[in-house]
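In the form predicted on its own, a lone chain appears below as C-alpha cells.
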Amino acid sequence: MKPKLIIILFAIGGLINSPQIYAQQYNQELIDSLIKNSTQTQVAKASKFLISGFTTFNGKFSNNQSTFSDVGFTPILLWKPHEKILVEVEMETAIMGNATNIELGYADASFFVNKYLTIRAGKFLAPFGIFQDRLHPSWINKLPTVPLANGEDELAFGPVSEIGFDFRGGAQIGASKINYSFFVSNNAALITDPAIPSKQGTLSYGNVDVQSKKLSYGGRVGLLPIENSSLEIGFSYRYGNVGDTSYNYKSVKAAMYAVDFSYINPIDIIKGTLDIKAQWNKANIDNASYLDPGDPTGSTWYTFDNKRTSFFSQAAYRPTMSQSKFLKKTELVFRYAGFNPPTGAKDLQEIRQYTYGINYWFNWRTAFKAAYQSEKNNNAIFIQIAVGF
C-alpha cells in the first residue's frame, strides 16, 4: 500500500473515532488537504508544460513608405498532460497602427496512437506544401517577407490553418523515409463581392462557420529518398465545396495541388551549408458567374476560367566551415517567386518578385535580417529582428 494512502486512511480512522464534533471539522480539512496535495503531486509528475514562441520587429523602407511596424509577440503554449497527449496553442499578438491585435494562430490536441500515427483535432497549421507547416515562424523563415501567394491575401494558395481532424505520421522504407498528413476540415468560402474585383473567384480560409454541408479533405505526402534525410519531395492536395448555399454557387468546388522541394546539407567544396526550398501551387476552381464591377446597374454578369498558379524557389548559403566567426554567422539568401492569374479575372496581373537578403545569426534562433525586394512598381527594403524562445 502506498504511504500517502496509508496516511489518508489513518486520518479517516481518526475522524471516525474522535468524540469531539469540532475535531471532525479539523480532520476533514486535514483529509481534504492530504488528498489535494497527493493529487497535485501525481498530476505534476505526469504533466509537462512549456512556453515557447518568437518575437519580431520589422521595418519597411520604400518610395512611398518608411516605417517601423509589425512588432509582434507570439507565445506558444505546450502542455503534455499524458505521455500520449499533447496540447499546443499559438497566440499571435501584433501592433497594427495604434491598436494591438490578438489572434489564435492554432489550438489543437494531439493523441499519439503509435510511432506511425498521431491524431490531431482543433485548429492546426495547414499541411499544404511546406511554408505554413514548417517555415512560417520569423526565426525560421530566411527572409523578412513571406513568399508571394503564401500569405493571407487574395493571392494565397491554401489556408494558413485548418479546423478539423488530422492524421499524420511517418515510416522507414529501407534507407528512405516517408511522412504523411491527411485531414478533414471546414470548407473555404468563395468570394463573390463585386466591391473587391481582385478577390472575385478567390477563396477565404479559416472561417469557423461552414459555408457548405460537406467538408473539405486533403493532405500531404513527403518522401525522403536519401539516407541522411537531406532531401525531401512533397505532394499536397486539397478538395472541397467552396460556394455558399445560394443557387448560383452551391455546386462550386475547388481543387488545389502543390509540389514542394527541400534540400539542406553541409557541402565541403563550398565550405558551408546550402539550404534550398521550393514550392509550386495550382488551384482549379469551378467556373461561376460574378456581377461585373464595371456595370453601375449591377445587372451584368461575367465568368472566367478560374485556374491560377504560383511558385517560389529559395536558396540560402551560410559558410559554416569558415575560420571566421563573423562569416560563420552570416547567411546569403535569394528568393524568386511568381503568380499567374486566371485569364479574364478582374484587376489581377502576372507578378514576378525577386528578393535578395543577408542575415546575421547571433545564435541558432536569433537573427538580424535585411532584404531588398524587387517587384514591378513595388520595390522596398525590409529589415527584421527575429528571436525564437
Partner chain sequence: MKRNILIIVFAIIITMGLVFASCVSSKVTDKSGSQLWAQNCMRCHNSPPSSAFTNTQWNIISSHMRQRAMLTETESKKILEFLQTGD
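Positions refer to the first chain, counted from 1. This is a predicted model, so every value here is computed, not measured.
Quick note: we don't show the form predicted in complex with its partner chain, though the next part is all about it.
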**Request:** Determine which one of 73-81, 144-152, 299-307, 236-244 lies within 4.5 Å of its partner chain in the predicted bound form, judging by heavy atom distances; exactly one does.
**Result:** 73-81
**Request:** Look up in the predicted bound form whether residue 263 has a non-hydrogen atom within 4.5 angstroms of its partner chain, and give yes or no.
**Result:** yes
**Asked** Is there a non-hydrogen atom of residue 284 within 4.5 angstroms of a non-hydrogen atom of its partner chain in the predicted bound form?
**Response** no
**Request:** Decide whether residue 50 counts as a contact residue for its partner chain in the predicted bound form under a heavy atom distance cut-off of 4.5 Å.
**Result:** yes
**Request:** Answer yes if any heavy atom of residue 180 is within 4.5 Å of a heavy atom of its partner chain in the predicted bound form; otherwise answer no.
**Result:** yes
**Asked** With its partner chain left out of view, which of 107, 135, 160, 316 would have a heavy atom within 4.5 Å of it in the predicted bound form?
**Response** 135
**Complete:** Partner-free chain; cross-checking its partner chain in the predicted bound form, the single residue of 255, 215, 140, 196 with a heavy atom within 4.5 Å is 140
**Message:** Residues 112, 226 and 365 are flagged as a possible site; in the predicted bound form, is every one of them within 4.5 Å of its partner chain by some non-hydrogen atom?
**Reply:** yes
